[in-house]
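Next up: just one chain, as structure tokens, the form predicted on its own.
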Amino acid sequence: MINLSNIQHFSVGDGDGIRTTVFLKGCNLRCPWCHNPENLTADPVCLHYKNLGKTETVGKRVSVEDIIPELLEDKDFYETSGGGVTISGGEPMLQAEEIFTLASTLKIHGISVFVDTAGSVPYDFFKVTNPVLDGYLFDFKSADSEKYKKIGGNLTLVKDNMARLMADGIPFKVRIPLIPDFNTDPDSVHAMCENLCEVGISKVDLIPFHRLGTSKYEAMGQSYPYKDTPPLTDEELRCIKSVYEEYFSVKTE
């Protein structure tokens, strides 16, 4: 049984082409900028949108057979756009066995499957899913081990997992969330570039910070730590991108 949050159709920022994103519940990190706070816990979460007069409960356990028909509805769009299904979270790799079952079934139907992960899990989890995936979208958040510890992650583990994926010939894209006051100052940017070079990375995707999750925190009765943090200006983003371009081929999402 998969611990499912929700299914989002016609996603264009979760991999190549038009994709359907399957969000899973549960995460082992606690990033204060997270825009899917409802997925931090594996338990169901009630969201009450006061301005809309709407209440919804997010989170249920379903079988693969339950959701396959919905994922197949968009197969024509996958084929014409080079898209497919992306499994996200939370941290989906905490449900590696369930991902294996879901991805195996989708592959029978010729559908591309990616997993969006922060990579701070034992590599044994990747060994379970590697054979049935087309690749990973792999977040890299900092080159500072103490900063990783503060959000519940492990820098050494993350880098080792990237290196092992490369050694095993498993495709993955490195995606870097650009978080103000966390990893966007010049020293942090250079350190991240150098760390990724050590692993052998040649391409990165930059993901500018946004506050699209603000309403979810309000609906959960929680305060969003980044609610007053402005997005990067065009000039700030240009400067950051120019540094990454000294090291890598760069795409900005």
Partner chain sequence: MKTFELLNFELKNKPSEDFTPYYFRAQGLEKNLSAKPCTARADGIYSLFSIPTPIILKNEWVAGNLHFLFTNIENFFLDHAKGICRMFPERSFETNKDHYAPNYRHLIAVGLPGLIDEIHHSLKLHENDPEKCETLAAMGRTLCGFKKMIENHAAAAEACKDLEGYDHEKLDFIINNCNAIVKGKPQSFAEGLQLVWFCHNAFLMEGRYAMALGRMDQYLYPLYRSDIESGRITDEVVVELLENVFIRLQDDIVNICIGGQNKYGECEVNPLSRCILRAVGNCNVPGPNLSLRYTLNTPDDFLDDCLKTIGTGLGYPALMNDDVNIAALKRFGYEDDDVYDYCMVGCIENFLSGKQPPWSDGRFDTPRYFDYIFNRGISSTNYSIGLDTGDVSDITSMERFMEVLEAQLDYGVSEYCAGFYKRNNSINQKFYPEPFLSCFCDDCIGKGLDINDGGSKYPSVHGAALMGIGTMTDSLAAIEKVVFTDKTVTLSQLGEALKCNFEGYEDLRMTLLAAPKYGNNDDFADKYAVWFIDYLSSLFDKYKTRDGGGIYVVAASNTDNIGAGREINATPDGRLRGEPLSDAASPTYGRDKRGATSTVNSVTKPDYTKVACGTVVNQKFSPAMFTDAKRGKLLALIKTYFKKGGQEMQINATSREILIDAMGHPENYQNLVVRVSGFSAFYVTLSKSVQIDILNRTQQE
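Bear in mind that the values here come from a model prediction, so they are computed numbers and not experimental data. Residue numbers count along the first chain shown, from 1.
This next part talks about the form predicted together with the partner chain, which is not shown.
Highlighted residues His9, Asp16 and Glu73: every one comes within 4.5 Å of the partner chain in the model of the complex, counting any heavy atom.
Of the stretches 65-73, 202-210, 222-230, 186-194, only 65-73 has residues with a heavy atom within 4.5 Å of the partner chain in the model of the complex.
Contact check for Ser145: no non-hydrogen atom falls within 4.5 Å of the partner chain in the model of the complex. Taking the partner from the other structure, the partner chain in the model of the complex has a heavy atom within 4.5 Å of a heavy atom of Ser81. In the model of the complex, at least one heavy atom of Phe77 sits within 4.5 Å of a heavy atom of the partner chain.
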